[in-house]
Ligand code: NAP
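As a starting point, one isolated chain is supplied in structure tokens, in the form predicted on its own.
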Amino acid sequence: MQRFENRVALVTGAGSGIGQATARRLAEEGAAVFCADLDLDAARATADSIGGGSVAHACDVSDEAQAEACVQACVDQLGSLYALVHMAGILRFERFHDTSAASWSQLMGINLNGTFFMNRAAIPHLKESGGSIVNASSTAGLAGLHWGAAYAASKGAVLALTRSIAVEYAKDGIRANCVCPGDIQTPMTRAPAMPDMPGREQLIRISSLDGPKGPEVVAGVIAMLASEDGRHINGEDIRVDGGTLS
């Protein structure tokens, strides 16, 4: 399939995990991909591996000026913007009553504020292209998460934000949807230390299928949502979790 031929996609978090898998999938389908990540070397590695005129860019999505500059750089260097795939985010486990204001603010700054900044900056360009947005929520945004209140709150907020964008900009030809991954093996899900606590296994919801999957399964859903195949899907959250919450 070449669903993104002659089209430009901006992917945040493109240096690893779901962002990287999505950048590769969209490039395979013909897109010129603007690979944005806090880690410029990781973004470059992704862009170099997929080729096709792809570009690497360093961006801290929690910084308003950097987010706006990232979108503008994409348009300046690649000529337009058809799809924003916003996958940048962090995950942290800690007891709610031990969560500091600084920890809460950092997580919200990246997961929620970053979504706000990137989506807001992209919308004027997406109005011109009739493009779409795919944001990263999580199964944690749909159900409670032990030791993950801040993360779950940020992802629930991303869901509400995305749905609001979807209804506000539908008549402008922009679609906005979320993916809600669960039971996906990525550097982000492997990295956080999990507290040693009674019922620790409840931190990991077990899939009803044959075990965890790699980020490419989420990338396939994102590609569908961002393409013409998803043209009548708007304001939706799609779980990609192997039935974890079923």
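The shown structure was predicted, so the numbers you read here are calculated from the model rather than taken from an experiment. Start at 1 with the first residue shown and count on from there.
There is another form of this protein, the form predicted in complex with the named molecule, and it is not shown here; the text below is about that form.
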query: The named molecule contact at Ala157 in the model of the complex, heavy atom, 4.5 Å; finding: no
query: 4.5 Å heavy atom contact, Ser227 to the named molecule in the model of the complex; finding: no
query: In the model of the complex, Asp39 touching the named molecule (heavy atom, 4.5 Å); finding: yes
query: Residue contact check: Leu142 to the named molecule in the model of the complex, 4.5 Å heavy atom; finding: no
query: Residue among Ala47, Ala219, Val61, Cys178 with a heavy atom within 4.5 Å of the named molecule in the model of the complex; finding: Val61
query: Residue among Ala152, Ile90, Ile123, Leu112 with a heavy atom within 4.5 Å of the named molecule in the model of the complex; finding: Ile90
query: Answer range among 71-79, 93-101, 130-138, 165-173 for contact with the named molecule, defined in the model of the complex as heavy atoms within 4.5 Å; finding: 130-138
query: Residues in 2-22 with any heavy atom within 4.5 Å of the named molecule in the model of the complex; finding: Gly13, Gly15, Ser16, Gly17, Ile18, Gly19
